[in-house]
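Coming up is one lone chain in structure tokens, specifically the form predicted on its own.
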């Protein structure tokens, strides 16, 4: 069995019946009539794997997973795309990364041993430990906030906000300067080798702390540990929790209280947290517990429009159209802000809002984008 045949078998691509449901729902295909998820799979099925590896459509897919969620034959299209991208890179078909590849370079350097100060956000008033049961994987939010300070500077505050909330519930989480990027962008851009290096560094770091639960504020980090790490390593020795799941449990236990607020917001289901991981209700239940009014957009949960960019490799006119459509939906809710748990969504939507040459429709789409963790922390009882 060839490597491509193995990928087809592992992802259930042999079961594709060419019904076309994936293409009819694919947000890329709706904008680009030349793109169709099923055609990529059909080519591979037909023995045209080398052609698929050389095809630009490998990078056009935004891996939003609408196709997976709606496929009646349960074909793992995004898993197929992810693994075929590694094959594509090995034959020289590499993506045209946005931001001049800065994010990928940073991740490759840390994978190769370049040391970063991952705890620049840590202040004396925040209580953390070196060893313990609860580990907070801080991820790259702070670094992204520095790099994209013109678009999403509030990301620098996310790690401190999470620790502040955990402290308010009587929890002193473990944080470590030895952790590195989870590798999400590298595995989705075909660099499997460095992804594995990052993965092993992180697993060793967490195991050394004795943690039994690892909490993530980032949707991508949560997905990467929950799915990709376990694809490579099998079951992990610790429980993986998204911050929305973890905080909701604390709220139900009466360990967190919130200030009175008349805030009215809308919520964006990012693809990694929503369709990839099925986290839909927890963020909404948190807003309900906070007595914050939630006004839903027309496209939510399984049918939510994504930001149109995957791992900084698919930023295109298709992405811009998806972003504009989503921002128009958000603006139509007549709320003060759109909340999201995905740092990349925050960056990409703000990038659209700050375009130099704006499409006329964008004037009707101005809305504030907020990180959900920061929003919760700001509304804790006793917060300034």
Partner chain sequence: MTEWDPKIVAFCCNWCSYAGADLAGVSRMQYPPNARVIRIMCTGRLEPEFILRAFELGADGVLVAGCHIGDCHYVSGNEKAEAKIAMAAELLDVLGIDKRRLRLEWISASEGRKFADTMKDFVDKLRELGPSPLKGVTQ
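These numbers come from a predicted model, not from an experiment. Residue numbers count along the first chain shown, from 1.
The next section is about a form of this same protein that is not shown, the form predicted together with its partner chain.
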Problem set entry | Option from 236-244, 158-166, 127-135, 141-149 whose residues, in the model of the complex, bring a heavy atom within 4.5 Å of its partner chain | 141-149
Exercise. Though only this chain appears here, would residue 212 touch its partner chain in the model of the complex if you measure heavy atom gaps against 4.5 Å?
Worked result: no
Exercise. Can any non-hydrogen atom of residue 284 be found within 4.5 angstroms of its partner chain in the model of the complex?
Worked result: no
Exercise. Would residue 94 count as a contact of its partner chain in the model of the complex, using a 4.5 angstroms cut-off between non-hydrogen atoms?
Worked result: no
Exercise. Would residue 112 show up as a contact with its partner chain in the model of the complex if we use heavy atoms at 4.5 Å?
Worked result: yes
Exercise. Within 4.5 Å of its partner chain in the model of the complex, heavy atoms considered, which of 89, 106, 206, 289?
Worked result: 106
Exercise. From first to last in sequence, which residues of 305-320 have any non-hydrogen atom within 4.5 angstroms of its partner chain in the model of the complex?
Worked result: none
